[in-house]
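Take a look at this single chain in structure tokens; it is the form predicted alone.
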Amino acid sequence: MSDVAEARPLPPGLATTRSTDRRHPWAIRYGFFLFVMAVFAVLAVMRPTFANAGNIESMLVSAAIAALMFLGLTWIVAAGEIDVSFMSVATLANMVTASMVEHRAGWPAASLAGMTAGLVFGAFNALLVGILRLPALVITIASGALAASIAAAIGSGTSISLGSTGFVGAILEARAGPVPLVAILVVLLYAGAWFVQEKLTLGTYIYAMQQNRAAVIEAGVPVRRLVALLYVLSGIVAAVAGILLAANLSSGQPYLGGSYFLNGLTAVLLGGMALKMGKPNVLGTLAGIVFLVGFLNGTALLGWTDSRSQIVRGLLLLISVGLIVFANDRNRRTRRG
């Protein structure tokens, strides 16, 4: 990353985006967080079991795993790219890990194999999208389909049950007081990611790439290598999530990626309306994940069918896309003015 450190300063219109974010009204910047708390309060009143300690612990574990899976996607979307293979990569890592455990390879070796699968597909996307500049949507659709096909082939289209969950299961079961350890670790990871995105030069470049990539290239930033790095990161964190899911579900599931696709895009885009007004950011994504996990859990307690929840999630995705487009349009007009 020495090239990034030595890059020339960005043009003023791109370099000052962080300060202009603070001009948005307080209610707009923090409105989504207030909305999440209001929805949770309503769910707790309607179904008191929603606020039970056991239910909250279960939601925190689910949210932590999803947060890992969506971290790389957040930065990729913030940079103006897209990755629709993240959930398939997680599924592949899940099946690779489960298959090796089933064949008595042990959880350390199985986890390493799952991580390797994520790294390979992350590097594949990095090469084709980041270095060769092929269309991100087409490439990640293709790589995601390949990862999903391999995952299904590993188990011949069926799940793989696991008799033990090894050290990964121990991590998921560990508690620091009433809080799952994995949730604390993910919060610390997101705190570090926030520092990178909001305080370091790398974060400035990520935001600026979405605004005007030509200007970033003109400033001497190695954009191709930076995009490649983001795709490698996405593959790795998706693989870690897949490994955790193998232990959490005590099985390998060849088709678990479908539900995470809609949740991932919705969390990232909804979160893009928090704090940064149209710019995906890690704190917004974390809030979006917590909202979706809590909403799905609460509506299940209320007796909603899965199809009803899917409809609401689809509407939320459409609304978030519309708000992102509107906010970016407004930001561009503000900068020109």
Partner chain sequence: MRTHPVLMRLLAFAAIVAVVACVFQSLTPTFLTAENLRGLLRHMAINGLASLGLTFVIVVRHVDLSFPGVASLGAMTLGWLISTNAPLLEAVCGAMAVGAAFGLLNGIAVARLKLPDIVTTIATGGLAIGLAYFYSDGTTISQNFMMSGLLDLNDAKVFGIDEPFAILLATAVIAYLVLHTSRAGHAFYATGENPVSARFSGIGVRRTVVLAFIICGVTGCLAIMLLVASAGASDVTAGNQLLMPAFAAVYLGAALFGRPSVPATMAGTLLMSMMLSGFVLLATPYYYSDAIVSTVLIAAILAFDPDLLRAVRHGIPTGRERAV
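A quick note: this is a predicted structure, and the numbers were derived from the prediction, not measured. Positions refer to the first chain, counted from 1.
The protein also exists as the form predicted together with the partner chain; that form is not presented, and the subsequent description refers to it.
- Contact check for S143: a non-hydrogen atom falls within 4.5 Å of the partner chain in the predicted bound form.
- In the predicted bound form, the partner chain lies farther than 4.5 Å from every heavy atom of V39.
- Taking the partner from the other structure, the partner chain in the predicted bound form has a heavy atom within 4.5 Å of a heavy atom of Q310.
- Taking the partner from the other structure, the partner chain in the predicted bound form has a heavy atom within 4.5 Å of a heavy atom of A153.
- Not one of A79, L162 and Y260 comes within 4.5 Å of the partner chain in the predicted bound form, counting any heavy atom.
- Here the chain stands alone, but in the predicted bound form its contact with the partner chain, taken as any heavy atom within 4.5 Å, falls in 134 to 142 among 240 to 248, 177 to 185, 191 to 199, 134 to 142.
- L265 is the sole member of I236, L265, L229, A113 with a non-hydrogen atom within 4.5 Å of the partner chain in the predicted bound form.
- Among L286, A274, L269, M69, the residue placing a heavy atom within 4.5 Å of the partner chain in the predicted bound form is L269.
- Along 216 to 234, residues I217, E218, G220, V223, R224 each place a heavy atom within 4.5 Å of the partner chain in the predicted bound form.
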